[in-house]
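Here's a solo chain for you in structure tokens, the form predicted alone.
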């Protein structure tokens, strides 16, 4: 493999990392308000959260990416392919992550909520000071799994010509025809990135557990 091809793969790996981090950041921004809406006493908020989760959890990342890259321009909106990829990944993963938030909040023992009420905390204070600190600890392992799923999903957006690792690997393969070497390298590359991400998640998990 030439230095130019290696550089192309490294650039693709960097783009894959950016897509993963950008999509996951958007997913987390979405997950907490939607997850809180899902456990709200307000029926309207619960309905909004339910509609979002069911809509974007059922929508394929590939279809979302095609919509943002090819359909929106026909309506007068032009998005950069990389931003469209992050949007498609984040909206889809936000639905899954919001369910992680909802499940972690509901897993907090009712006695903790009763204790917050006994201390004259308002519902919002109880959620912020009692429930969420415990729920966040339970969310981290699931969020770690979501990061890996997000990393793997970045390969899907290659079809809209985003130069991430899989897309650039396909370019190299089409040039040299060495499928085993190219896609074997991609497997190793994704494995290394997944290992790095999971190591970071475990460090965060330990830090939160010690705090």
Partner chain sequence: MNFDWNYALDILPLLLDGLLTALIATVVGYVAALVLGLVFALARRSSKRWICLPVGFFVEFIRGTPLLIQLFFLFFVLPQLGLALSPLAAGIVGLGLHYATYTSEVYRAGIEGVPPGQWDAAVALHLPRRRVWTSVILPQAVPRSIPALTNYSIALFKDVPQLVAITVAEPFTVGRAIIAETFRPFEPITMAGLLYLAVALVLSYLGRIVERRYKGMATA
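This one's a predicted model, so the numbers in the text were calculated from it and none came from an experiment. Numbering follows the first chain given and starts at 1.
This next part talks about the form predicted in complex with its partner chain, which is not shown.
Hey, in the predicted complex, does residue 170 get a heavy atom within 4.5 angstroms of its partner chain? Contact with its partner chain, yes.
Give a yes or no for residue 166: in the predicted complex, does one of its heavy atoms lie within 4.5 Å of a heavy atom belonging to its partner chain? Output for residue 166 is yes: heavy atoms within 4.5 Å of its partner chain.
My question is simply whether residue 36 lines the interface with its partner chain in the predicted complex - judged by any non-hydrogen atom within 4.5 Å. Output for residue 36 is no: heavy atoms all beyond 4.5 Å of its partner chain.
Contact between residue 71 and its partner chain in the predicted complex at 4.5 Å, heavy atoms? Taking the distances in the predicted complex, the answer for residue 71 is yes, it comes within 4.5 Å of its partner chain.
Is it true that 7, 21 and 138, all three, sit within 4.5 Å of its partner chain in the predicted complex, judged by heavy atoms? Heavy-atom distance to its partner chain in the predicted complex: none of the three under 4.5 Å.
Going by its partner chain in the predicted complex, which residues of 175-198 come within 4.5 Å of it through any heavy atom? Counting only heavy atoms within 4.5 Å of its partner chain in the predicted complex, the contacting residues of 175-198 are 177, 179, 180, 183, 184, 186, 187, 188, 190, 191, 194.
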